Ligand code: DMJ
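To begin, one chain is listed below as structure tokens, in the form predicted alone.
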């Protein structure tokens, strides 16, 4: 059997003692579902996933080295901001380690340690930099134990902390990495509530509670502003605390807020997050869930205050929910929703970004190589051992590869009806999509019960003792 990746815990980092766990900590609750003991390895699928990763990485190495991402059609690099932050190497590093790609991992390590600096006078999006960079750096540190990863992570977090200096404690959308100047007070639940895993794990590793406390305060302030129905809206002003868009759903701009409520409890043992998750899950199941005779279970859009259904749309980003429901113990609902998610692929060949699940009309026809459907297939296979989910995931993976592979990488699909392509390959394709495909094939490559994945699929090792402040 393939060696399971082990996580390194360093006893002394940056002068701060970090105590290694004597045993795995998982909060005691009937909600917990553990990995099945009937899992097997699909060697052929694992080889295909690894081959796809190498094809993507070779394209990046050949045409975009030192840049944030590859544009595989024009064969050139692309940076998100005025200067590169090496997004793809940081984001993809732990996938290489899990796949056993030692040569490529060493290339990425060398590039990051030689060139990555956050001393850049530019504004960055707090959420994206947190889940991709901070999450990637923390996971890399726990995987190989080199303290340089943690030095970079700590430096980055310190530069992001000024974003939380709003009147409510909820973060601004942008912060300057050098000056700490903030921009854009109109934020959303996903970008406000999906920082706690990364900032909290950094507190665990350094002993500096500023990170955990700032991110937890942001979640609490957001949760306090939910409606009487227990729902959050889409846009909120972090200076006034007023909702600007009352649409409630589980899609873009809200999705990972719910994911992190459950995962923060699982990672840190903080019971306040479990209470928030339970209330939020029940509100979503009561008001957002929508079962139709024709197409099954979906989660639509309602007004957060009245509960009135305003739209019957669902899409690629919503497909994370079966994984989270399964992780929270609701395997029946997760299974039913996964059937709906899979039907998006069989209906259109490749899932569209957004469609109307009642009329079947496509609202947004693109597919930018998103991982969420594969993520949910992986979770359900690991938690149930039912090979039906591996079969679903394998089919989804093959559809992705067939539709998006080009000579120097994999390209975004502009329209799933025509397979016309866009010139992009974001870092999450290597960090998430291909990682989940590989883990679906070889679930023994990582101990599922030992880690919690952030929303960018970076695995964080569960550490004792609990954080419950």
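This one's a predicted model, so the numbers in the text were calculated from it and none came from an experiment. Positions refer to the first chain, counted from 1.
In what follows, reference is made to the form predicted in complex with 1-deoxymannojirimycin (DMJ), a form of this protein that is not presented.
| Within 4.5 Å of 1-deoxymannojirimycin (DMJ) in the predicted bound form, all of 128, 131 and 455 (non-hydrogen atom) | All of them do, each having a heavy atom within 4.5 Å of the partner.
| task | Could you tell me which one of 371, 328, 352, 300 places a heavy atom within 4.5 Å of 1-deoxymannojirimycin (DMJ) in the predicted bound form? | result | When 1-deoxymannojirimycin (DMJ) is considered in the predicted bound form, the option within 4.5 Å is 371.
| Among 324, 105, 150, 317, which has any heavy atom within 4.5 Å of 1-deoxymannojirimycin (DMJ) in the predicted bound form? | When 1-deoxymannojirimycin (DMJ) is considered in the predicted bound form, the option within 4.5 Å is 317.
| query | Contact between residue 428 and 1-deoxymannojirimycin (DMJ) in the predicted bound form at 4.5 Å, heavy atoms? | reply | Residue-level check for residue 428: yes, a contact with 1-deoxymannojirimycin (DMJ).
| task | Given that the partner is absent here, state which listed stretch (331-339, 131-139, 377-385, 284-292) has heavy atoms within 4.5 Å of 1-deoxymannojirimycin (DMJ) in the predicted bound form. | result | In the other structure, the partner sits against 131-139.
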